[in-house]
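Before any questions on binding or motion, here is one chain by itself as structure tokens, the form predicted on its own.
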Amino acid sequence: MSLQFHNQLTKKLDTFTPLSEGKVLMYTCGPTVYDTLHVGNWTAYIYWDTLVRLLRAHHLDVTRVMNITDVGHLVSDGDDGEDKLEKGARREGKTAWDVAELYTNDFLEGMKRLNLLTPEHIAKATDYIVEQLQLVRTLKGKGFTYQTSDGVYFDTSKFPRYDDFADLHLEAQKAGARVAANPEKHAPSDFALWKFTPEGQTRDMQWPTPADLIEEGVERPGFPGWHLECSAMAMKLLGNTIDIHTGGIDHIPVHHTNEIAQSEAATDQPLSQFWLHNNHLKVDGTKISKSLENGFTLDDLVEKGFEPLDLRLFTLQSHYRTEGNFTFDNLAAAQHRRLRWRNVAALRHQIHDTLQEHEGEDTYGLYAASQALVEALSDDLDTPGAFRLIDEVFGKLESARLGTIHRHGLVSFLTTIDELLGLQLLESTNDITDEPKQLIIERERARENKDWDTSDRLRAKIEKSGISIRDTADGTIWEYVS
């Protein structure tokens, strides 16, 4: 079974083969930790977590780095404006270091709430200043940099392939069309590797600029440009060439284009053989923005009666390369779907393995469904196709007689779903306690005796314990109500 992904490098669907047999080196662009993440931010991490799960299902050993941008990300994709961490510090009356720690911890807690796998390396930009400066030194030594009054810049004219990745057509661009105009820059596409702290200012996060990196040889404090960290940390932790680099489509024209330029100029080797990008998530068909107050956080969702895993399921209903649209009605539909799937998972508490493994396979195909799920996701991470398969299999189980469902096959399929999609169907579906079970038995006896008043009274008592009951030809099935 082959893996196929849409590769931005080639602009087509490519079959994935790791550079080293059995091993995958992967880099995920992480958050800029100046505020709480919103639903649009989380979308990327949900998709790339699912990608890691899929690679492991193919028996590949994945080593992943995710960066934490805690310095250097300016408020625009250009080289002007305020650092987002400095802005967050001013907003909250804290230091930039305090803001970075606060929202890094908030992000890591959010990962747990969404059941996201922890990358092997979570790398903070501020922990790799030495490596970033060494990369600037290498680029300077190879003639790729120049200095202005506000920093050291990468000269994109020295890297002929600069516009290939994003099809930028640079000659058709005018100064300031893509990034803010800077009269000292040789070209609008040139980008800052290292920014100098403006004269007369002191930043919370700044470091001495080594004398050999400054033309006049006078030490000046400064800080790294946003793009520099990813290249420096990827090369330090994973090597010069990796298998997969992931991020959002907004990274294509600037951040990832700049990563490629500075990395490959320094090493003369490809940075990554595959580049995967997720599309945007809108809210009510509109871009997420502070002014519209539509950047809903995980806490906002919980306050409205949802769980973080509802957002995970909602996200995976759409393909990673399609634009998503978040509404609370859509999230409620996802919540209902997850409840339905949890109730199918709860059937395992109500059946016993009296069947041989081969019995019922032609009808329900539970073991074959596990393999089919991997195959669906292997086609460019087709999560909508995987969801259709699950709905089809679960639909058959919902209409089946309990005695015809093979319990081990059901548990095996649920385990595969949880391992691939991270929905915790098994973990979130504990068996009910003995008390409601006893009431269900008493009610079945009342129904056998046509004692409908007792049956109705017992039903009401059972439902007070947080479950509902459904009468079938096979007996009573209990289900969660939320």
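Please read all numbers here as calculations on a predicted model, not as lab measurements. Residue numbers run from 1 along the displayed sequence.
Here the subject shifts to the form predicted together with a small molecule, a form of this protein not shown in this document.
A.B. asks: With the small molecule left out of view, choose which of Lys195, His251, Arg312, His406 has a non-hydrogen atom within 4.5 angstroms of it in the model of the complex.
C.D. replies: Exactly one listed residue reaches within 4.5 Å, namely His251.
A.B. asks: Please identify the residue among Asn240, Asn279, Thr138, Gln350 with any heavy atom within 4.5 Å of the small molecule in the model of the complex.
C.D. replies: Filtering the options by heavy-atom distance leaves Asn279.
A.B. asks: So, His73 and the small molecule: in the model of the complex, are they within 4.5 Å at any heavy atom pair?
C.D. replies: Judged by the heavy-atom cut-off of 4.5 Å, His73 is in contact with the small molecule in the model of the complex.
A.B. asks: With the partner left out of view, is Arg56 within 4.5 angstroms of the small molecule in the model of the complex by any non-hydrogen atom?
C.D. replies: Heavy-atom contact with the small molecule at 4.5 Å: absent for Arg56.
A.B. asks: Would you classify Thr43 as touching the small molecule in the model of the complex, given a 4.5 Å non-hydrogen atom cut-off?
C.D. replies: Within the cut-off, so yes.
A.B. asks: With a 4.5 Å heavy atom cut-off, would you call Thr32 a contact of the small molecule in the model of the complex?
C.D. replies: Because a heavy atom of Thr32 falls inside 4.5 Å of the small molecule in the model of the complex, the answer is yes.
A.B. asks: Are all three residues His38, Lys84 and Ile288 in contact with the small molecule in the model of the complex, where contact means a non-hydrogen atom within 4.5 Å?
C.D. replies: Yes, each of His38, Lys84 and Ile288 comes within 4.5 Å of the small molecule in the model of the complex.
A.B. asks: Using a 4.5 Å heavy atom cut-off, which stretch among 408-416, 160-168, 279-287, 111-119 contacts the small molecule in the model of the complex?
C.D. replies: Selected range: 279-287.
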